[in-house]
Structure formats: C-alpha cells, structure tokens
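Taking the form predicted on its own, here's one chain by itself in structure tokens.
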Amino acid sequence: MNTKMGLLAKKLGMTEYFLEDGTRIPVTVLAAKGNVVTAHRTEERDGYLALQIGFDEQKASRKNKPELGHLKKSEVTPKRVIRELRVEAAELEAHPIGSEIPMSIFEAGTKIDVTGTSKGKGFQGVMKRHNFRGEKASHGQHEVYRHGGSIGCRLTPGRVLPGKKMAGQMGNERVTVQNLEIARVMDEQGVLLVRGPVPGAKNGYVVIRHAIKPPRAKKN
C-alpha cells in the first residue's frame, strides 16, 4: 500500500461504533468523498513532485478570478479547499488531472496521521496552556495562586528568553495526531470512521495520510 497518498476530509462530529466482539469505541466521522486532482507538480517545472487536490464543491461566485482561471485549465468545478500532497512519480501517472481519488486507498485497521487546525481557546494562563501546577496557596502567598513564577533575572540575562512558557494565545494552530486507526470505511455513505478524536472543530477540514511512524510491535 502506498504511504504517500492521502485525502482531504470534513469533520462531521463524533459518535460511537461497535466492533464485531461488541466492544463500543468512540469514533470521529469524516466525510472524504469527492477528492479531485486539480493539478500536477513536477520536478521539471516546479522542482518537486506533488498532487494538488480539491475538495468540497463551492459556488463559482465565491471564488476570485485567479482561482477560477486555475481550475478552468484543469476543467474541475470550483472547490472550497485545495491542498498539495507530496507523492512519487508513479502516483502522478495513476491519478491524472480531473480524476477522483477513491476512498479505497484506506481500509479498516489502517494507521493514519490526521492534520488539522485545533480549536481556538483564546488567551489562557499558564496552568491551562502549559499545565503549570501554580504557586503554593499557604504561608503568606497572596493573589498569585495561578501565576507562572519568575520569568528571568534583571542582571543575567537581563531579558525574557525566547520560547519562555507564559500566558498567551492557545489553540488555533496546525496540529498533527499520529497513528490513529480507521475503524470502518463506508464507501456508499462517503465517510470514514476514525477511532478517537481528531484535531479541529465540527465542519473543519483535515488532511488524512498513511502513518509515517507506525507503532512498534509489542515484544512478547
């Protein structure tokens, strides 16, 4: 099975799924049907190999002229989301421009990596953002129970070092969760059931790829 290919998908929400032995597991429902190849990236022209994929149809009135002109060359209807996936040369030949990438590149039990934009949490303190334990709440401590403590010294280095864990914006960033498992491929319904949660809010878009670092086999 090729480990380079992937799909774009839309997160519909979470539900429960029962395995054959009756075990109930939480799953995320991802709509993944309708991935269309919109362009090829080649070594000669672009310096790298990739498939450009469009997903989720959108009205032409919602696109600007450069976007419409780009899709017109490939004779593909306007897409809401367009992403590029690095692939091998054989995949460019197997997936010509205008063709749809089938969901069958995945199957039940496949290990995958899912990339999406995490939920934005706004401005948060160090306890929620970085799991600080907070200051002690006894023996004269006053109004600093959820503070982060010292952030440096005035003498050396005389400044706050870059990367210091402090309060600030939390979430709303690109996140990849590795080694999730596909519980079921429902081709007729056009959805994938992925075991466990995936990044992002409901109706958010994610990229699904075959896992690049599958877990090691357990030793006996």
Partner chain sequence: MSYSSPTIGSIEQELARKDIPHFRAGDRVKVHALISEGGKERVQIFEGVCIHRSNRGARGSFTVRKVSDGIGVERVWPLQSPRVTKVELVSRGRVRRAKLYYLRERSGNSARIREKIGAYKQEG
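Numbering follows the first chain given and starts at 1. Nothing here was measured: the structure is a model prediction, and the numbers come from that model.
Below, we refer to the form predicted together with the partner chain, which is not included among the displayed structures.
**Message:** in the predicted complex, does Val29 come within 4.5 Å of the partner chain, counting heavy atoms only?
**Reply:** Contact with the partner chain, yes.
**Message:** Just checking whether Val36 would be counted as a contact of the partner chain in the predicted complex - the rule being heavy atoms within 4.5 angstroms.
**Reply:** No.
**Asked** Would Ala201 show up as a contact with the partner chain in the predicted complex if we use heavy atoms at 4.5 Å?
**Response** Because no heavy atom of Ala201 falls inside 4.5 Å of the partner chain in the predicted complex, the answer is no.
**Request:** Find out whether any non-hydrogen atom of Met170 is located within 4.5 angstroms of the partner chain in the predicted complex, and reply yes or no.
**Result:** No - in the predicted complex, heavy atoms of Met170 and the partner chain never come within 4.5 Å of each other.
**Prompt:** Is it true that Glu100, Arg195 and Val207 each have at least one non-hydrogen atom within 4.5 Å of the partner chain in the predicted complex?
**Reply:** So, no: the whole triplet misses the partner chain.
**Asked** When the partner chain is placed as it is in the predicted complex, which of 161-169, 184-192, 37-45, 58-66 ends up with heavy atoms within 4.5 Å of it?
**Response** Stretch with heavy atoms near the partner: 184-192.
**Request:** Select from 10-28 the residues with a non-hydrogen atom within 4.5 Å of the partner chain in the predicted complex and write them out in sequence order.
**Result:** Residues within 4.5 Å: Leu12, Gly13, Met14, Thr15, Glu16, Tyr17, Phe18, Leu19, Glu20, Asp21, Gly22.
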